[in-house]
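Just the one chain here, laid out as structure tokens, in the form predicted alone.
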Amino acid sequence: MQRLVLLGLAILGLGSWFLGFQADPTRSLYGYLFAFVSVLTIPLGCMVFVLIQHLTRAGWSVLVRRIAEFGMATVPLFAVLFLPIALLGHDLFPWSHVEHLDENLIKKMPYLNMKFFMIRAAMYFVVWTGIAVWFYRKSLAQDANPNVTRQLWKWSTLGIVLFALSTSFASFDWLMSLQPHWYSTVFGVYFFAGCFLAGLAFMSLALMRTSIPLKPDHYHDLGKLLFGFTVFWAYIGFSQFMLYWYANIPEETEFYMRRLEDGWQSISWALLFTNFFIPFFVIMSRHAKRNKKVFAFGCLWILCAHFLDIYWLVMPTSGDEHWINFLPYDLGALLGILALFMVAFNWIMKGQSMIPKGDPRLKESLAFENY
């Protein structure tokens, strides 16, 4: 029944987006890109969580890790959902219009061209799918053979390097190149921080719907990670803004000028509160991290605030002066892709053990106490 409801929401959401596509194909593609990237950050956040736990050989997280593995295993779905961007990307990215290139963009053509863009996108999905499928299958094999654990530890080093490179370049290609004259050396880190927040928030909400014998101490540690990366996201975002604004170089300030006019300034200032101040104070206390209702509210808020951040990154480049007119279609695309992700997540999870029974650190996780 749940799967049918999710499929219905997917049809409803993507159907709504398609109505916008018929009215204005180019503008609606930006909405699809926003929705695609927003939901993709969830399995990517789950992926980096899994890699970090194996890399650090953490014991506390064994009970929560399987949910993250289910989440990251949905990555192949997004290779299919990328097809509209691949087929219609010419309408999204200014650098793909050769007739409009200036001297600076001509110099970037060896990198910014559709053929190489597609090759890189294929490489990202190969890397992400390879990491997700290999670590997921090995984790399932670990249930019967604990000796697999050392393989997971060993290959997490390579996995984290490949993840860092692929997600950074994907953020350059799909988000930063929407304004090809602008560049940022910390944009990949900014995107990573958002991915990790989205993954942690989703994992925490999903765990509350399971029968896994978690203690308040596990939610406390997840809350500490969410709190820490909320501060980290704000630090990276403010550092980028401060340095570029202080330097006052036109091709750098262009990014912020576009987001401080045509109504976007309201969202720009709102991000300070939605993505930093409110989650900072909501989940800062020990009580909030251990109270499921308060913590669930904080996680849901962080997830929605993250989607707003991706909207802020993508939509000002669409050129639509009345962006709110297309908001229902943009939200329809988000609802549709999010519902498809949940269908895939539930399908992968069905019939599988919710706990890595063969992990030698399982007893440590069951007895975990957060002082």
Partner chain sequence: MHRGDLVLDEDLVKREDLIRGGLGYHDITEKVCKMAETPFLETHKGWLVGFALAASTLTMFVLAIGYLIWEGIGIWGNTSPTFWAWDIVNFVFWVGIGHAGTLISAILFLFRQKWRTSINRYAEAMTIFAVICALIFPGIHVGRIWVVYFFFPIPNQMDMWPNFRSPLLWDLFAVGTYFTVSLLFWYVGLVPDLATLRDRVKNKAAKLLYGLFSLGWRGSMRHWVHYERAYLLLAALSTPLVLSVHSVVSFDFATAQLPGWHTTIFPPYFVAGAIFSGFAMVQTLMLPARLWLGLKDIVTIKHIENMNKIILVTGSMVGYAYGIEFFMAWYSGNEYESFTFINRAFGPYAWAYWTMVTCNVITPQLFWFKKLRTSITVSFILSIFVNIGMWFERFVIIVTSLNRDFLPSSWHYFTPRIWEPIFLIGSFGLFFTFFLLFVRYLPVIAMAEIKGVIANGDDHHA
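Numbering follows the first chain given and starts at 1. Worth saying up front: this structure is predicted, and the values here are computed from it rather than measured.
From this point on, the text means the form predicted together with its partner chain, which you will not see here.
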*Which one, 236, 288, 267, 92, lies within 4.5 Å of its partner chain in the model of the complex by heavy atoms?*
236
*Which pick from 244, 82, 136, 117 sits with a heavy atom within 4.5 Å of its partner chain in the model of the complex?*
244
*Look at the candidate spot formed by 249, 363 and 368 and say whether its partner chain comes within 4.5 Å of a heavy atom in all three of them in the model of the complex.*
yes
*With its partner chain left out here, work out from 311-319, 29-37, 337-345, 54-62 which stretch has heavy atoms within 4.5 Å of it in the model of the complex.*
54-62
*4.5 Å heavy atom contact, residue 125 to its partner chain in the model of the complex*: no
*Using 4.5 Å between non-hydrogen atoms, is residue 146 touching its partner chain in the model of the complex?*
yes
*Even though its partner chain is not shown here, does residue 210 get within 4.5 Å of it in the model of the complex, heavy atoms only?*
no
*Might residue 261 be said to contact its partner chain in the model of the complex, defining contact as any heavy atom within 4.5 Å?*
no
